[in-house]
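Structure 1 and structure 2 below are the same protein chain in two forms, each given by itself as structure tokens.
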Structure 1
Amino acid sequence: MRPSVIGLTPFAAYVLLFLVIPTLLAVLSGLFDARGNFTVANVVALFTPDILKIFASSFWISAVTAVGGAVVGALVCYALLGMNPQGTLRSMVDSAASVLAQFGGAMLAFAFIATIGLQGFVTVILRDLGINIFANGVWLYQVPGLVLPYLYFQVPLMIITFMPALEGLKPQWAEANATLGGTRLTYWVRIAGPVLAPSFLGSLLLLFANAFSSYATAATLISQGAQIVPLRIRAALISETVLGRSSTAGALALGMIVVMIVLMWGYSALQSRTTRWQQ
């Protein structure tokens, strides 16, 4: 008996039931009203100043932490270059990066409340030195307060995604550069830089998408209000599911998906340019 197409059905059915249908339901619920009639009213409502402001602050937090995470993460990758990949330090850094890139959610929020909360470790030390980090109000429980916690998982994610590209730099290129009289500066500006650029930009997009879609840390730190898109979806879900319909949540979900598709499309386009040099 030869395994055939029938063997693929369990996976297909599973993906259909728990990935395709939920995604379609989420997106379509934004396109129908309570009576089941097609409407674009909810999508049009996305373009009100109120919602646009929420998307703008989501973009802001994602952009800031993506750029910060990409720069710091790339520096760490550079520092790790040329070390034995099997060495103790490298495998410790690799594991720590994998853990911290996954370290989202409530636990991350606790970590930062313990660090820079009102009675946090760093807050208290700085206060004893006469520096009040909350002189202009308590920003930890607002959108700016998300920057440091988000960086805490963005930098490790950058290390994981960017390290393979840096390791793909061939020693021959550096040798050729040196033989032809180039300096280390020419090597980085004219050889490694252009080769790494698509991969760096790709990782930047991935980091942006990662921050844009993350929910748990923000939900734990900002228990009230809806300053970024995922929190606005929470508010819509909590207030509307009682009625069995969540058109606003659906429209917001549609908006998020559109942004994510653009980001991931850009990422895969850049990724295919990257692999050209990694043969």
Structure 2
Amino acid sequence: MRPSVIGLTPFAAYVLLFLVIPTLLAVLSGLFDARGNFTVANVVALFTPDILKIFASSFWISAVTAVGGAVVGALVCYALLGMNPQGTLRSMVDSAASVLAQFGGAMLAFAFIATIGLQGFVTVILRDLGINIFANGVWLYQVPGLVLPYLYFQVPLMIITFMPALEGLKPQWAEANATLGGTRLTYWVRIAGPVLAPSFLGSLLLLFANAFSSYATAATLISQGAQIVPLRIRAALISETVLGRSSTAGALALGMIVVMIVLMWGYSALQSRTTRWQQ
């Protein structure tokens, strides 16, 4: 056996045990009933109005936070272009983005509850000043309340994924544009814009997938009801009587997997276009 193959064995075992097998079990569980008989009833249940509404809610929160995170993150990346790549400020921003992109779950939910919740310290300070922006802290525990917590890790993730594309812009392109009489607007509209579009759209899909699959933050904030797909899967696992069907969690997981496959396929296609001009 070749040494390179032997070196990949631990990673292959990790992927098999923690990704492939759980995915297959989740998908297959949606195709069998409680007695082990094959059925498509659980898959058909995905197209009921209640489940479609939950998917629409997940799409909504994912799209809003993906677009918001992509726009804000891209603007931050543009501002970072003028900084010394080896400078202190640039290093601090890169380090903070790497850390905050992974900061989520119960810790992030608690941070927002303690900050802008019903009795959060910012809420109390503003209330004492007569400003009642966050006075109704109940909104934080509903689907719209997930926007701010999700943006907290979406923006850093955009900085990490989009910054290499901006840094890949060649100075010769700007010089050629200026030599031919082009303006700065012409450069960004006709040169940099089309070049960066695949990378931006790829990062946007990645942010959408990141929000669509997020669970822990939403599960901590929204303790009542199952208004997005990951929370409905939790509810289906706790109670097998959801919608009067067994193995609903597996069918929901199958729906999520299909969505994620489409998103990752689009992301890979866009990334392959990006690498053409980066080489």
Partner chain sequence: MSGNPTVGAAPGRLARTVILSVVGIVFAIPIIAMVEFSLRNLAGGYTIAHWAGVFSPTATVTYAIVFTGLGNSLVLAVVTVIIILVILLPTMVLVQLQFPRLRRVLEFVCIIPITVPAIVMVVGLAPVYSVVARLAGSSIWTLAFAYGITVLPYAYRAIQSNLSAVDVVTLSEAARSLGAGWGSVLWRIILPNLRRGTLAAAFITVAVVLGEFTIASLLNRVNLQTALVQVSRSDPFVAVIFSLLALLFAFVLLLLIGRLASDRRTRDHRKAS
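Because the structure is a prediction, the values reported are computed rather than measured. Between two forms, the rigid core is defined as the largest C-alpha subset superposing within 1.5 Å. Counting starts at 1 and follows the sequence of structure 1.
The form predicted on its own appears here as structure 2.
Shown in the overlay between structure 1 and structure 2, fitted on the rigid core, is a CA shift at L16 of 2 Å or greater.
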